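Next up: just one chain, as structure tokens, the form predicted on its own.
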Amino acid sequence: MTGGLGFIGSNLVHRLVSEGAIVKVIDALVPSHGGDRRNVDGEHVETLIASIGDPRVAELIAGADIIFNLAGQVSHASSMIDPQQDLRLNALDHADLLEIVRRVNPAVRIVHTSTRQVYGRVARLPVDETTAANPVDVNGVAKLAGEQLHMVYAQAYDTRATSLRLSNVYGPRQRLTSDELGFLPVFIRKALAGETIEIFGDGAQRRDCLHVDDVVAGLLLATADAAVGRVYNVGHRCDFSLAEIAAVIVAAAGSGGGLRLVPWPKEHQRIDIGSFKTDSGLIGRELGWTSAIDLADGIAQTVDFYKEHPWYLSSI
């Protein structure tokens, strides 16, 4: 598994180990990203700290049955500050990994994580896979390139790859201390600290938010042979305004900080995508996946986790 010390990856590690799988993790532990060895505390996994294109990766994946390829950079704002880094982590490193796969384990099953950010601003909601990709930031461009690399290898070399375009994901083991890894961890951190949640604009923008356990379920279903060569949207069936999402988080945390509307910072507004709602019907019809965890229940469980693991509020 690549990115196995990060947010989604570590939750998948815990699930796989609980089901008796032998798990090997590759993670570069890039500073400012979400990777942390403590995310997999208590689990017996072999770990290589390296880029996914490092030659040493070949030994770990040579005998693998499945590669969950979750490595990458997720900050939209950071991608505009250092586009070369984003392209390297989300596209070029994946090209190196795919070449290693082609050389040492061409029959391995690969499930890659992409993002709904590849769609950019859309004219019609909900968004299904027939909607044209039109990224508004470098992260969307790089993620789309990484996704398409997997599909090119699937078509040209019979690499057994699938890519999942994930919506806004939240849950346990997410890095809370960065303001650049999505609005949900920022909202959760501020609510737990009793601080005021600041929402850019009028708070009416809509998002579908997906608990990480639903993502893990989708990743596992995507290992099916029927998913080879496919790209799927993976989002929640319900969407809410940012103000509604913040209110759910404030209530779950018992926070007195409340929320406040603030003007858009220019650096964020220029890459904002507006409202978004995912149509996940294709993966439902073909693989039987649908979101199972409602927002209020998922947020309550997530808040309880961080109250029990306070180091996430001070991690660096």
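The first residue of the sequence shown is number 1, and the count goes up from there. Quick caveat, the model's predicted, so the values are computed rather than measured.
Just so you know, the form predicted in complex with another copy of the chain exists too; it's not on screen, but the next bit is about it.
Is Arg237 close enough to touch another copy of the chain in the predicted complex, meaning at least one heavy atom pair within 4.5 Å? Looking in the predicted complex, residue contacts with another copy of the chain do not include Arg237, since no heavy atom lies within 4.5 Å.
Taking heavy atoms only, is Leu149 within 4.5 angstroms of another copy of the chain in the predicted complex? Leu149: yes, in contact with another copy of the chain in the predicted complex.
Counting only non-hydrogen atoms and a 4.5 angstroms cut-off, does Leu259 reach another copy of the chain in the predicted complex? Contact check for Leu259: no, nothing within 4.5 Å of another copy of the chain in the predicted complex.
Residue-level question: is Thr131 within 4.5 Å of another copy of the chain in the predicted complex, judged on heavy atoms? Heavy-atom contact with another copy of the chain at 4.5 Å: present for Thr131.
Quick one: which of 151-159, 176-184, 205-213, 190-198 gets within 4.5 Å of another copy of the chain in the predicted complex, going by heavy atoms? Every other range fails; the passing one is 151-159.
Of these, Ala95, Ala224, Val122, Val104, which has a heavy atom no more than 4.5 Å from another copy of the chain in the predicted complex? For this set of options, the contacting one is Ala95.
Here the chain is shown alone; which of Ala217, Ile100, Leu242, Val138 has a heavy atom within 4.5 Å of another copy of the chain in the predicted complex? By the 4.5 Å heavy-atom cutoff, the listed residue in contact is Val138.
Since the partner is left out here, which residues of 261-282 would have a heavy atom within 4.5 Å of another copy of the chain in the predicted complex? Stretch hits, in order: Arg270, Ile271.
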